[in-house]
Every structure is written in structure tokens, then in C-alpha cells.
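Shown here is one chain on its own, the form predicted on its own, set out as C-alpha cells.
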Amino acid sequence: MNLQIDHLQKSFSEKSVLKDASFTFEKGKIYGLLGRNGAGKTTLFNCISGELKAESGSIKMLADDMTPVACDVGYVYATPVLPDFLTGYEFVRFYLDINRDKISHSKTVEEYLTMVGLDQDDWYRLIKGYSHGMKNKLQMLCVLMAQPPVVLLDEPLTSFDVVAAHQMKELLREMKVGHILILSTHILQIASDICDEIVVLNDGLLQGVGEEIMHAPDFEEQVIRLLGGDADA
């Protein structure tokens, strides 16, 4: 299974964000998407998820035999979008009820909440009172429960403490088998720790970073150069 992006173009008024973006993402890998502020990472995610329509180009999900298939996408937003009027427990139970056909696991609500490290004292509190990190855990949990073929993660780990971030990394590593995970981050250490491949979005184009660069001692300096920055700054 591949996610194939071909010559994608997207503009806002006079600003061209995605100019001719092409890349093929393969199943079984976690990809780190790196780019400067305003480079178009969120725009790319919104195009893949269908929230935005590109002016030209295509986004296709291809089966192993290269037959086009439906593109089911899970999206973890940088700013969580959750129903504040529900408790964490109520939300997970509701999500399970409406996605029974997509969820193959037989865990209970309590087991799911425990899986992402949400304290039992918080299960019955309104989401409105949750911290950003707690809301992000619920977002991540939705993806872990439904396990769509493609998962987009927009700065998913920055709101977690050290222990929670480690737990999430392990869960994502387990999930990547048979899935395509694309993780947008500004933190190069996260990218090098968890990602199998790095993709740079710069000047509206997508460019893969070679494995020799990922494991090079001057990894950060080389990525900064690819992003059009000054590695000596």
C-alpha cells in the first residue's frame, strides 16, 4: 500500500504554498515531515485528508498491486478538536459506538484510557477542563482505536511529558506495521528518534532525505541546509 502524491499545487490568493509537490509514502513506515513555519505542512495534511482541494495534481492510495483504493485518513491536529461537554470516558465510549465497524480490538473503555496513560481520576471529568496534553492523548487514542491506513500527526508529541512521549512513541512504532504514518514536527530530535524516513517540504516541493543523512553526525546541520537556512547560525 502506497500513498502517492503527484504534482500537487495549492495556492492562497497570490501565495503559492504547494508548487509541484510529489512523493510516495509506503506502508510500514513512520515519515517525519520537516519544514519551516509557513512552508505548507498543514496545507499538505489538509489536502491529504480532503479538508482542502488542490488546484491540480493528485493524491492516490494504491494497494500492493497498484490498484487505487479508498483513502481512509486519521488526523491528529496540533490543536485538539474535541467535544468539551463530554467527559473523557463518555467521549471514548461514544467514539467506540460510532466506529464499531472500524475497530477490531475488543478492549473496554477503561483499557483504552489506561493504554494512553490517562489517570483514572480524570476519566469522569469534562474534557473542557483537560490540559492540552490530556486532550492530545484522547486524539491519539482515536487513531490507535480506529487504525486507519493513513495517519497524519501534526506536532503530536510536543505537549506530552517525557514518560507520556515515550509511551506514545512505542504505540506509534507498534501501529506502523501495515499503516502509513506521517509526523509533522519542528523538533529534529523527535524526527530522528521515531521516524524511518525524513521528508522535507521547502519552497513548495517535497524532498526525501537520504538514510546516510539521517544517521550522519551532522544530521541537524544538513537538514537546516535543505530547508534553506544557515547551518552555522
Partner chain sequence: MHNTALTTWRLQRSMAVNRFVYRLQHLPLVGKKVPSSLYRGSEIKSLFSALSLISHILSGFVKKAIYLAAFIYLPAQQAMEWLFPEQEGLSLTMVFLLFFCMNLLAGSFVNSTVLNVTEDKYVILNLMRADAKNYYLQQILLKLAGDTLFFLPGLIVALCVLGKLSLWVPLALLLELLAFRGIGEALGLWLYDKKDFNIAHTGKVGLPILGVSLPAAAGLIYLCRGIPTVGTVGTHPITVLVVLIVCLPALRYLLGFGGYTYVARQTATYSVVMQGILAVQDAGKSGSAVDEKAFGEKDLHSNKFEKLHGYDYLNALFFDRNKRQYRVLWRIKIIAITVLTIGGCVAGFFLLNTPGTKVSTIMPALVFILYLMCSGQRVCRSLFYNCDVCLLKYGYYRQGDALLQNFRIRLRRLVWMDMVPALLLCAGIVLFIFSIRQPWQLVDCVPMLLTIPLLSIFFDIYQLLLYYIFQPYLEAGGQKSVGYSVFSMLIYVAAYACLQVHTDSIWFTLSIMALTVVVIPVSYALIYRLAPKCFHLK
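These numbers come from a predicted model, not from an experiment. Residue numbers count along the first chain shown, from 1.
Although it is not shown, the form predicted in complex with its partner chain is what the next lines describe.
A.B. asks: Does at least one non-hydrogen atom of residue 81 fall within 4.5 angstroms of its partner chain in the model of the complex?
C.D. replies: Residue-level check for residue 81: yes, a contact with its partner chain.
A.B. asks: Using heavy atoms and a 4.5 Å limit, would one call residue 196 a contact residue for its partner chain in the model of the complex?
C.D. replies: Answer no; every heavy atom of residue 196 is more than 4.5 Å from its partner chain in the model of the complex.
A.B. asks: Does residue 119 make contact with its partner chain in the model of the complex, using a 4.5 Å heavy atom cut-off?
C.D. replies: No, residue 119 is distant from the partner.
A.B. asks: Using the partner position in the model of the complex, report whether residue 51 sits within 4.5 Å of its partner chain, counting heavy atoms only.
C.D. replies: Yes, contact at 4.5 Å.
A.B. asks: For the interface check, one of 219-227, 6-14, 20-28, 206-214 should have non-hydrogen atoms within 4.5 Å of its partner chain in the model of the complex; which one?
C.D. replies: Correct option: 6-14.
A.B. asks: Counting only non-hydrogen atoms and a 4.5 Å cut-off, give the residues of 130-164 close to its partner chain in the model of the complex.
C.D. replies: Contacting residue: only 139.
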